[in-house]
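Take a look at this one chain, the form predicted alone, written out in structure tokens.
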Amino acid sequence: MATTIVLLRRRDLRLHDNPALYYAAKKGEVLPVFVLDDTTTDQQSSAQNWWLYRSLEQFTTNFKAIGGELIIRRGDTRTIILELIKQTSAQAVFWNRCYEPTVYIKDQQLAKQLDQMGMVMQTFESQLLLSPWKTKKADGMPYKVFTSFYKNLQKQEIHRPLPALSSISMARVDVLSLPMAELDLLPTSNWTKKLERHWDVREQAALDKLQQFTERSLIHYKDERDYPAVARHSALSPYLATGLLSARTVYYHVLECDIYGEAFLRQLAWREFSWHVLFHFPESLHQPLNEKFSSFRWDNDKTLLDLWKKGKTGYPLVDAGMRELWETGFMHNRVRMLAASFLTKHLLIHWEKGADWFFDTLVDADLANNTMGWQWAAGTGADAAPYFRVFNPVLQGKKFDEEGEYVKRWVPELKLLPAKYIHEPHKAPENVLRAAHITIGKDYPAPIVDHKAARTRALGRYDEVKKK
């Protein structure tokens, strides 16, 4: 009699390099169940919920093509798995590990109970190149400095990706499955409608994008990735964050590109480092890793926060990024750093408020990467940018978007402005503004803060922390 294996599915909705799915299919008859567990969500993301819905659609189709049928449930994972075991007399439970703090804790509790029941239970690494506990310092302690972490990671053996599953034997049992609509993943507003124009949420689309990136852009990535108008970035992050694309698949595909891939692989390693830090320091979701910032005085002006969200700060590169985010669910990484620095240092708004907005609106919302990125920008985290490094949004614009191509795309009211003034429209002569059909304060805002004054104020707050 074949072993019946309950296969717990979450965001790993792909056929390629999917260890839990692959080994369950090899070892028995499988009962795959996707569980949307509202009790294990550390943060909510409207954009990711939309992406998850589309992922489920495409996976259900792909899975049927190889003989599978996905059971869909909503509720407490532990309760659902135990009910299925009782209902089907399953002998084993497999799943790919998730490292979001709340999910991981509950999974550990489930694993302990399954072990006490005498169940066969196996968990697998699917999300990362290596599990977060694999890379440690010589004394067994986790890393807080990326460079040291990266050097260690480069010495580790990273398993090659598994082949895509081509067939599966389903457990012959009759169990309830919910219609996808009952997951309530799609928002009631029309905000996510526009995301459909920018993203192809399919596993094959992810693999195609990887191929296109390595063929067309990887050779230019190191030198041109910081220029948003050039668009040399991979745009793979949403597929990695949601599990449509395997990190190991990306790693080995890029590795074959020899020297051209090193700069990109370093960014992939930063993703590993982010999860390493979050796994070992889960408190970093809400607390600064640099404890001296616990007493930092934030202003948290709601009006300024709303202007930042809407891309109406009067600093064109910041505004372009925030509007790109609202339109596409994505923002170029260089612009993300600037937008985050501007919020935390120019406006003195707590990094968590920015992190929450990014997480809600980014299709590549990744709990560890998002938290690490915001703590880095705010100067409060592991291996963070020094707090006294305050990006000048005008100079950043002139350096990384010299002709204003990116700005003009996302801030179209400035499209007729000469490049000389594109990053400082408020300084353009009246006749130039008139020719560009711009009235400052009406068609485009004046800067909501003065850079020099904001920098001085931020450094003053930092001095307070240093003295303490």
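All residue numbers are counted from 1 along the displayed sequence. None of these values were measured; they are calculated from a predicted model.
Another form exists, predicted together with the DNA; not displayed. Remarks below refer to it.
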**Prompt:** Within 4.5 Å of the DNA in the predicted complex, heavy atoms considered, which of 399, 437, 415, 427?
**Reply:** 399
**Request:** Work out which of 390, 278, 129, 165 lies within 4.5 Å of the DNA in the predicted complex, going by heavy atoms.
**Result:** 390
**Prompt:** Among 225, 270 and 455, does every residue place a heavy atom within 4.5 Å of the DNA in the predicted complex?
**Reply:** yes
**Asked** Just to confirm, residue 334 within 4.5 Å of the DNA in the predicted complex by heavy atoms?
**Response** yes
**Request:** Would you please decide whether residue 141 lies within 4.5 angstroms of the DNA in the predicted complex, comparing each non-hydrogen atom pair?
**Result:** no
**Item:** Contact flag, residue 105 vs the DNA in the predicted complex, heavy atom cut 4.5 Å
**Value:** no
**Prompt:** Does the DNA come within 4.5 Å of any heavy atom of residue 178 in the predicted complex?
**Reply:** no
**Request:** With the DNA left out here, work out from 391-399, 120-128, 229-237, 133-141 which stretch has heavy atoms within 4.5 Å of it in the predicted complex.
**Result:** 391-399
